[in-house]
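The data below hold one chain only, encoded as structure tokens and taken in the form predicted alone.
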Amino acid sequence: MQSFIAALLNSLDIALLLFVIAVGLNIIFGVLNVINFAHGALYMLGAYFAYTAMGLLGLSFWVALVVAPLLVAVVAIAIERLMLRMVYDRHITDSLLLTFALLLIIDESVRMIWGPSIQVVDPPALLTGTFSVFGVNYPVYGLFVIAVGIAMMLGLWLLFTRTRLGRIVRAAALDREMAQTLGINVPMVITGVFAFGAWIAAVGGVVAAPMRAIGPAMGEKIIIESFIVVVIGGLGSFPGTLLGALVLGFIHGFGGRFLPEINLVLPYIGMALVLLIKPQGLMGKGASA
């Protein structure tokens, strides 16, 4: 029983962190119709900015959690205004290839600035140690990650369903011309959504930093996992992102504990099955050209 509870907590820990990262990818696709390969690189920048803020500037983890995502959002605004805006009217593959190039540019820039070595970020003293959950001693930081994921999920749901800003974003996503006619500044909304998606990715990067080693390749690994999440759940679907993250989290959490020999290949088998049986994802709308 304790082994099951430990696997369940580990699954939720992984799933909700993946949700935080992948939901930004899905929000950007839902509004911009851009499959943002650079999303993983923005997640990585969040982790590196936090590492610099804490290691070199001596700021606390909590200050880094606020500052680093804002800096990444500023980088995202520059990317959207200087590059992405030029390919919105082209085929979707052009934006995909452009963001893939951005991923490589940011990866190499990080390697030049911070070096190829692995870096470590310590969790704040408040979140160290373990906490007993039904007799299982689980890391307090893991419970913090679960709490952040739940808070982010509720916050985004309230934003998009209960606020005027959420209705504006949804209007711009459904019909840009109609939204423009109604007086909505669509270009500003698009820039804001891209920056917001990058901010979410960077929050994920800062939260993940004390759990995972920071290195130049971390963006490539997380973007693969994020794509598995959105492929399983469905491109452009908020509940689909949660479902996909839970599926992948449970595969990692329970598969790693009970099926370690085949655990690494299970996510790819799941993604292949979804693509063959329901290519738009379990709850998705699919991409348009």
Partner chain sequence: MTTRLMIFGVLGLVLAALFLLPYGVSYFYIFVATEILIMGLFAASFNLVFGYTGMLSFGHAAFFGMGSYTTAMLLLHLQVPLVWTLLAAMFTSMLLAAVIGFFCVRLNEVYFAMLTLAFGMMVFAVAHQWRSVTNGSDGITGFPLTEFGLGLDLQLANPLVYYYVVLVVVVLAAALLYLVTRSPFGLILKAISENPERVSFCGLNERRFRLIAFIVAGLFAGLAGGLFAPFNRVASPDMIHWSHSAEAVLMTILGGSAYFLGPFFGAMVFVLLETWITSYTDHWMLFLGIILALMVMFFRRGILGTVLDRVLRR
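Definition used throughout: the rigid core is the maximal C-alpha set that superposes within 1.5 Å between two forms. None of these values were measured; they are calculated from a predicted model. Residue numbers count along the first chain shown, from 1.
Form predicted together with the partner chain: not shown, discussed below.
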| query | finding |
| --- | --- |
| Contact flag, residue 271 vs the partner chain in the predicted complex, heavy atom cut 4.5 Å | yes |
| is_contact(residue 56, the partner chain) in the predicted complex, heavy atom dist at most 4.5 Å | no |
| Residue 35, heavy atom within 4.5 angstroms of the partner chain in the predicted complex | yes |
| Residue contact check: residue 108 to the partner chain in the predicted complex, 4.5 Å heavy atom | yes |
| Interface stretch in the predicted complex with the partner chain - options 243-251, 66-74, 223-231, 38-46, non-hydrogen atom within 4.5 Å | 223-231 |
| Residues 151, 163 and 213 all lining the partner chain in the predicted complex, heavy atom within 4.5 Å | no |
| In the predicted complex, the one of 88, 100, 131, 157 near the partner chain [non-hydrogen atom within 4.5 angstroms] | 100 |
| Interface residue in the predicted complex among 120, 125, 112, 78, criterion: non-hydrogen atom within 4.5 angstroms of the partner chain | 112 |
| CA of residue 274, rigid core aligned, shift of 2 Å or more between this form and the one not shown | yes |
